[in-house]
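In structure tokens, the next block holds one chain alone, the form predicted on its own.
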């Protein structure tokens, strides 16, 4: 069947197009092209008047296809599809031709060439629509259930926003306690609250939403199957060996004979095998580190059956319509010898310094020595010229100055800041100003000549060529050097289960930073917080709330509609070779037995319409709806036809 009454509409775009492309010539060139019933130009096709023009022509002329030549389809393709729907025409009998970016803007110094290119592009669109067929969106039910992986500040915030809307949330945390990295922070900006205080506030909200939030700590995702609206997830809940309340937990912890380095404090203190990471940690039951525990039974003697040293892992299956990753980040771990790290005792990272601030009272001490002068070295593990971390971690400058201000105000510490650039963006520029007024010294270094750290007696010497004094070499004796380390992406096995794409920097990749900032290329999989990119607490919680808002648009409505541009298999042509199954990166094609023969079948909900399988099929048994072989060949033929002068 051929669509033989096609309407063509060419937009001036207020001069963005018509200042370069002769839109009148375009209209004249295509008005007699095969299957064109009407061709018109208008100043703004996306305006109410422009839309009404198309709608009226569809109704009055009985159009069975529409081509609009205007700006990017990212902006108005949906707009014009809705026009077709309002006029009673299938919205997918439409082609949006971009002659602004692809012709006018790309060839603004060659108007004749731009016009000819526009004509060819429009003709190709007409040819494509002439062979289009009516398609229907794919409707998928979306029960109000979501799985959030990661119970840090972003995961909890997103869970709370959703639970308050009545949505059932499954919140999975790999560690025995919630809070993530923010719980280890000191003096979060701009609130000034200790990281654990922020988590305490979220936990109080969490307790009020217990009916809608199912929290699984010390748990990990074992497998994920399914697709948007129908994910089936299996998790393993690892034993914490403390199974119920006991009013003598403090005594049990005190009597535990085993001590190990405390990872919560980055190894600067020790903890017992049975432990809380910090006071008021949640859940309120302590956990037992079985890698350290020798099963001496001292804790059992104190708390009896509240502790089960033989507790086994449990498996649980969860159904979810949407999955959100809020898996966070890891701080960069400097290499041994990098700016003296692990070479000199008093060289620490910024996260370690923040824990030191939280643990210190009266005076700032480290390994028995009072700290009075501190040098901060910026951009450690960020903005690398070679290696994986070429990106700026963004939060580090503000976090470093914030920690320096806290050290100065709480302990009277004098601070020196050895930096490449200061990026206290937004309102946090005031932190930089305040630090300067409080006597902080800022010295700028070139990446070609980074600072050097040596030791002289009980002092560390920071040698830097200060760019602000035209390369003067300055030596700064200090008690401690703090390396302002960036965020590095956390790679988890569960991400690979869903084949979520990574960005060039190694973080999880959104579809579009402005148009679809919390969605991934995998349908029904969203991202929140610093797993997407380096973020501070304000940005992470804003991202989490945005993710919750996006998820709720699906879950409260109860269904979603997907574009029909997916592949379909011609069973008569299919030989069951399996090439398409191997080629599909989304696992959307499977072979099934049909009357004793293998045939390819498409899982519609997971197909992304990339067309890779169609391209590799030796029998042309696979077609991409809306981009069939017949349509593509017709487009090529139309585009190659000569343009009359």
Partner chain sequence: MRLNVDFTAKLKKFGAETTYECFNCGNCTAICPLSTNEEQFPRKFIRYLQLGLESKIRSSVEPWLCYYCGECQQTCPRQANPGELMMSVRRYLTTVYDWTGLSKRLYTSTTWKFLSVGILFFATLFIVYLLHGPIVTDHTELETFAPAEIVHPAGYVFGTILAVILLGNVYRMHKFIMGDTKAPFSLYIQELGTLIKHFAIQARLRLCENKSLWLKHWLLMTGYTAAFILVQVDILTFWSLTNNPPPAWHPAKILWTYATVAMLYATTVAIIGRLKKEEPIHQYSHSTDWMFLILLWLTVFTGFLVRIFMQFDLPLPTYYAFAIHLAFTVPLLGLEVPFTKWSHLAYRPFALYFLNVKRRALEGE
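Small disclaimer: the values here were computed from a predicted structure and weren't measured. Numbering follows the first chain given and starts at 1.
A second form of this protein, the form predicted together with its partner chain, is not displayed here; the remarks below concern that form.
*Asks:* Which one, 116-124, 348-356, 442-450, 383-391, holds residues whose non-hydrogen atoms are within 4.5 Å of its partner chain in the predicted complex?
*Replies:* Selected range: 442-450.
*Asks:* Would all three of 436, 466 and 472 be in contact with its partner chain in the predicted complex, where contact means some heavy atom lies within 4.5 Å?
*Replies:* Yes, all three are in contact.
*Asks:* With heavy atoms only and a cut-off of 4.5 Å, decide whether residue 556 touches its partner chain in the predicted complex.
*Replies:* Contact check for residue 556: no, nothing within 4.5 Å of its partner chain in the predicted complex.
*Asks:* How about residue 521 - does it come within 4.5 Å of its partner chain in the predicted complex, if we only consider non-hydrogen atoms?
*Replies:* Close contact is absent here: in the predicted complex, residue 521 is far from its partner chain, nothing within 4.5 Å, heavy atoms only.
*Asks:* Within 4.5 Å, heavy atoms only: does residue 266 come near its partner chain in the predicted complex?
*Replies:* No - in the predicted complex, heavy atoms of residue 266 and its partner chain never come within 4.5 Å of each other.
*Asks:* Mark residue 237 yes when one of its heavy atoms lies within 4.5 Å of a heavy atom of its partner chain in the predicted complex, and no otherwise.
*Replies:* So residue 237 does not count as contacting its partner chain.
*Asks:* Would you mind picking the one in 278, 416, 329, 428 that has a heavy atom within 4.5 Å of its partner chain in the predicted complex?
*Replies:* It is 416.
*Asks:* Among 476, 542, 511, 549, which has at least one heavy atom within 4.5 Å of its partner chain in the predicted complex?
*Replies:* Only one listed residue qualifies here, and that residue is 476.
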